[in-house]
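Take a look at this single chain, the form predicted alone, given in structure tokens.
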């Protein structure tokens, strides 16, 4: 029996684990992927206090080592069901017949990548199409690649790929970017980066592997192609809420509704980080959420 179980080991979940463990609670954390969540796949982080520049995998491991040192129990499983019986949460995980039990639960499952949902996308998944430049960028050394998207993630990963690939096309459906101007400015100085603006991807084409992307100009309706061997999609995020949809705590967009204490409408059930219904989603805000949620969980467990 745990005092608190945390689902998700991104920056919010691991911060919650640190605070809860330091509050003398027995803490378990469940993560189906690598510690760090989406952060682990970020090539360079330059806006997290205390680090002028650090890669996402390194920051993830710094946090992971900290929770290990505090004695937090780590479970590398997918959550398949959550029940609350007599004020105790029972969490069923894939690959185990025994359920994990806890007095309180913190959901910190974050978000997952959206897809373009166009022809050829599923065919070339892992055969040219990727959602992680830091994971797969090395496969495209001295090759032509595309990045689809206009936010910070797209721009940051385009910069990373520009040091590896011979050519990087940045494909964006508008003529202005949502991402930081400093990133756009840096990309404009790279001679191997080309902006393909007001363009909508229509289809991924190739034979055994991706060979080109069919695009349409939004303004002229012209259809054209860019020849690439790799494409990295950064077209937004959606809530990773598969395990919690039946709990009655999510809004119409699929995000968890919480109060100022990061408590849900279910007693003992809290949520923090990018899975929460809010406007700003950054590593720093996830850490903030995790700390507040854990401090309120400590109060709850000691009532």
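Please read all numbers here as calculations on a predicted model, not as lab measurements. Residue numbers count along the first chain shown, from 1.
If you look for the form predicted in complex with a small molecule, you will not find it shown, but the lines that follow are about it.
*Asks:* I'd like to know if residue 212 sits close to the small molecule in the model of the complex, meaning any non-hydrogen atom pair within 4.5 angstroms.
*Replies:* No, residue 212 is distant from the partner.
*Asks:* Applying a 4.5 Å heavy atom distance criterion, does residue 110 contact the small molecule in the model of the complex?
*Replies:* Answer no; every heavy atom of residue 110 is more than 4.5 Å from the small molecule in the model of the complex.
*Asks:* Hey, in the model of the complex, is residue 149 touching the small molecule, heavy atoms inside 4.5 Å?
*Replies:* Yes - in the model of the complex, heavy atoms of residue 149 and the small molecule come within 4.5 Å of each other.
*Asks:* Flag residue 262 as yes or no: does it have a non-hydrogen atom within 4.5 angstroms of any non-hydrogen atom of the small molecule in the model of the complex?
*Replies:* So residue 262 does not count as contacting the small molecule.
*Asks:* Name the residue from 154, 228, 104, 161 that puts a heavy atom within 4.5 Å of the small molecule in the model of the complex.
*Replies:* If I apply the 4.5 Å criterion carefully, the residue I get is 154.
*Asks:* Quick check on this chain: which one of 269, 247, 235, 240 has a heavy atom within 4.5 Å of the small molecule in the model of the complex?
*Replies:* Exactly one listed residue reaches within 4.5 Å, namely 235.
*Asks:* Can you tell me which of 167-175, 89-97, 70-78, 133-141 lies within 4.5 Å of the small molecule in the model of the complex, counting heavy atoms only?
*Replies:* Going by heavy atoms within 4.5 Å, the stretch is 167-175.
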